[in-house]
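Just the one chain here, the form predicted alone, laid out as structure tokens.
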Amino acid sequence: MKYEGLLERINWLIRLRWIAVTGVILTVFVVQKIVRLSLPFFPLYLISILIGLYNLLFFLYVRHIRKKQLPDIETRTNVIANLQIALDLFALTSLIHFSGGIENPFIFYFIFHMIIASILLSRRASFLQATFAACFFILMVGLEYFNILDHYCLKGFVVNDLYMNKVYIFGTSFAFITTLYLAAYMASSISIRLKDREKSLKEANLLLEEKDRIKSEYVLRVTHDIKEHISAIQSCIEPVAEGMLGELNSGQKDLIRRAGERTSKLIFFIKALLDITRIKLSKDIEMKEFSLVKTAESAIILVDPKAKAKGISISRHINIGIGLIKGAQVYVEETIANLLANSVKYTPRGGKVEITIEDKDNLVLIQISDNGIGIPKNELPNIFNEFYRATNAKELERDGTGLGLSMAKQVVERHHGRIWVDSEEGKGSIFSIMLPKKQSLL
């Protein structure tokens, strides 16, 4: 929605204003205690406090309208944006008045507000804010010049009372006001181009997502049909291989065995392709609380027979104090089991595989390490891409889907987590997963 981007920028301005209030108070304190200029410091501190108070009100109000999702939220958001800038301009004018007026070089801080206005508002609104700034400035200078307002001279900083010098007033005012409008024009032009660019990129991204969805649905349908046909072929091969239709000679047995092995591998590949496609297409994954410790133990049990067959003992360092986490238990267990199986597969006989699970406050860190073949450094950026397999992995074992790590990445990201790998060819790999304990569903 349009107002969401504006709300984010308003929140950014609110955060920026807290920094500004702190900076003003510190500056006034330094001028009072160290520089020792003769200025009315009480009004300066009071204005800073008032800025902080209305900033707090804006913060609470923005949070309120976002939480309640009011029907006229877009109108309210625009009003808030315009009101904030106008109040800031008035507050800055007041600060400038009590600290030297036109003699104060900080008058050009108005330019920052013009840039901010151009980012937050439309071009028309940013020019309106530039007009407000010019009016506030001219009003302050005029009232001081005609002694309607007291002028607080920056004694020790300027030699003469420049606020009474008509040439200085005219020259500075002309430079100041033209700079305001130029800043508003240039910043709004850049902002408009960036917003247009952002809009076109969003539209392109949505189009790509839609095309990817259509592609995934097509893959899902076709793959499901292929799986049914391959399963039918396998169901025909099995009784022949078991001799239920008569004895086979050695040549026939070898052909049937090879056909059965190929069919099994093809079904495994199709299942992996179906799984990753379903994850990509599913908008919702059912999230429930479950024990990560028990899930990890179940994954280890699944992989343990293959590990023992290669003389590999899976060591574990699991913090049993980790409580329940929220997620899709089946997917998390499958991901851990897949990473453990990969470590076992690509670790030499008698090697080491280790799983570590640590508590990190609101997060859990799962690490699976081995001293296997590792991954070439130049191939690490591609390791989580679909159908990608490292060159040394393909040399060690020709068969493989190249979908396991991609599926792990999909699962982790759907859990709002992060997965990465540290590896050195010939020395082993460490796959790390960081998952939040509590999370909202995408």
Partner chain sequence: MARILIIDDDPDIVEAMRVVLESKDYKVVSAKSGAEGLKKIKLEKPDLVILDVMMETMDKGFEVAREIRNDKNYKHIPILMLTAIKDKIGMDFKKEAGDETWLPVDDYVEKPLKPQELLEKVEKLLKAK
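Positions refer to the first chain, counted from 1. Bear in mind that the values here come from a model prediction, so they are computed numbers and not experimental data.
Quick note: we don't show the form predicted in complex with its partner chain, though the next part is all about it.
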For the chain shown here without its partner, which stretch in 328-336, 139-147, 87-95, 352-360 has non-hydrogen atoms within 4.5 angstroms of its partner chain in the model of the complex? 328-336
Pick from M186, C135, I301, C236: which has a non-hydrogen atom within 4.5 Å of its partner chain in the model of the complex? C236
Heavy atom within 4.5 Å of its partner chain in the model of the complex: which of R123, K227, R76, K345 fits that? Just give me the one. K227
If you check in the model of the complex, is E242 within 4.5 Å of its partner chain, heavy atoms only? yes
Interface membership of I267, its partner chain in the model of the complex, 4.5 Å heavy atom rule: yes
Look up in the model of the complex whether I318 has a non-hydrogen atom within 4.5 angstroms of its partner chain, and give yes or no. no
Is T131 one of the residues lying within 4.5 Å of its partner chain in the model of the complex, judged by heavy atom distances? no
